[in-house]
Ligand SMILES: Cc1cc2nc3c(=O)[nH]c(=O)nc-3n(C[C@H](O)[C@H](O)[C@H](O)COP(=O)(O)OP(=O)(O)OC[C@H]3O[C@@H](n4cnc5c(N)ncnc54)[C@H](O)[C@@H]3O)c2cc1C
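As a starting point, one isolated chain is supplied in structure tokens, in the form predicted on its own.
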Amino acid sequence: MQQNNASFDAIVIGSGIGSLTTAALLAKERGMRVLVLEKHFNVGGQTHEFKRKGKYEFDVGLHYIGGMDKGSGKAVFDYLTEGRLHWQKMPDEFEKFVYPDMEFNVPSDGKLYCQRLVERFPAERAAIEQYFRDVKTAAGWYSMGHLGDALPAVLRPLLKLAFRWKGGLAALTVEAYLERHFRDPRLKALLASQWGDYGLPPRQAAFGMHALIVTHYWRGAWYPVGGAKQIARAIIPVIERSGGQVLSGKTVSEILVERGRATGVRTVATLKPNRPPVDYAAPIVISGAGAVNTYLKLLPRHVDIPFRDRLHQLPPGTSAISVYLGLKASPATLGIRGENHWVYSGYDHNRAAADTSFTQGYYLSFASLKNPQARSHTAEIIAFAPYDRFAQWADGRWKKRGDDYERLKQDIARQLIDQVERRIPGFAALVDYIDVSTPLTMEHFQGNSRGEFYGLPATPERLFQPWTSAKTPVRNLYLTGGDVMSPGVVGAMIGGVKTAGALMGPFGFFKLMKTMAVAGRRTGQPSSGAAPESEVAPAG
């Protein structure tokens, strides 16, 4: 066993956007020396990129983000990066929903979106207009439900009481809401088309989470100039300026606890796990590894966690297979403008989520058309996938799982490319390079059980649970990221603000958000300190 003798004020596990947000705010607002430890050899978590053949760059988790013209999310990004991160607006029709006998282009304007739906389904005008009012309400209540632990303890019961009185809409399932308000099955399916952004089909997903996604894109969508990797590159200097460090290739194997207090972490070298472990000490430990990993894997069994058994019983989240494609030429030659495509073979999203044949639907994205600095053209096809389809290779090592595994990946990739070709003739001929990730890839690099893509599932039951709190039952141990707020890049980032706020006293979260909003106004950003509730914690 080796002891690292460097002195740090806090250790953060993981370098995802939630972890980097917390680390940067502690450095910037408190001058703390923060050590960030990343398992992967690339930093950034779901915002990192990888390169193949020396020219094809692929994002792994960020495909678009809303609200980067103004609002709370923009204010936080600008404050964390000190203006070093810039955004490219996607086409006005940034999303396309495709069904067997219907296509619908989503505009970058909530009012126009409502108008187009009414024109397509005039018999359901009243229900559509009510829906647009309801998603704004539900998004606000769902956000507040996850901010309960950011309030002083004396106020939390009042929030729960108010939620039961006024916030019930957010705690419905998407399916329950749609069945209650709409008749046309095509309209119901169309409204739920973006369920992949939060990873659960209508039967399981909370309407409040769905509402966050819908309202998040009412002003359109953006992509980071230079790619998703620019986010970590822009934030890390803030951490380092206060004497902090961000280290990759460091797998945290255990959170060290003495007398009920977190005192540090034990690590192994990711690429050379046979080397002696190295311990790092700090008076504060913050985990961005997710609630399940933190409580069930990283904390020793002797540490008393009152809800450990309940966490064991949580239903598994969703995973996916991603097909990364290097293209010989621009997909603009096929009429693509950079919009996202959600393609379904039918109108039953619950059935699509349970599919194991990869024939029910896929998501198609073109990062190179969103990024003005892209040097080559790429595309990505994503389809949700059951972990069990790949479980027989779980004991193998990355890149060394055997020929059968590689053949299965290529077969699935070709199947999905063929589906795109049928919709967009000429697409297959553009493909120059293919790489494929499966749930096992996610499990290996992110440490998520069964390759879960989004962490804790966004079900109605997620609200007001103790494991979504930034504070933990272990003194000086905190959680950060999407599990303490909501899935997605911006949701995880706001989760990072929530955790930093928990370390800054009563109303710390709200004080930080005000500080960042004021800073935005001073630098000319039209960002409001009291942003609409629907902007508090969306997914990206």
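Because the structure is a prediction, the values reported are computed rather than measured. The numbering used is simple: start at 1 and walk along the sequence shown.
Not pictured, yet referred to below: the form predicted in complex with the ligand.
Heavy atoms within 4.5 Å of the ligand in the predicted bound form map, among the stretches 350 to 358, 92 to 100, 132 to 140, 281 to 289, onto 281 to 289 alone.
The closest heavy atom approach of V489 to the ligand in the predicted bound form falls within 4.5 Å. Taking the partner from the other structure, the ligand in the predicted bound form has no heavy atom within 4.5 Å of any heavy atom of T472. Using a 4.5 Å cutoff between non-hydrogen atoms, T441 does not count as a contact of the ligand in the predicted bound form.
In the predicted bound form, the ligand lies farther than 4.5 Å from every heavy atom of G520. Put simply, of H146, K74, K250, H377 only one has a heavy atom within 4.5 Å of the ligand in the predicted bound form, and it is K250. For the stretch 205 to 243, the set of residues having any non-hydrogen atom within 4.5 angstroms of the ligand in the predicted bound form comprises only Y217.
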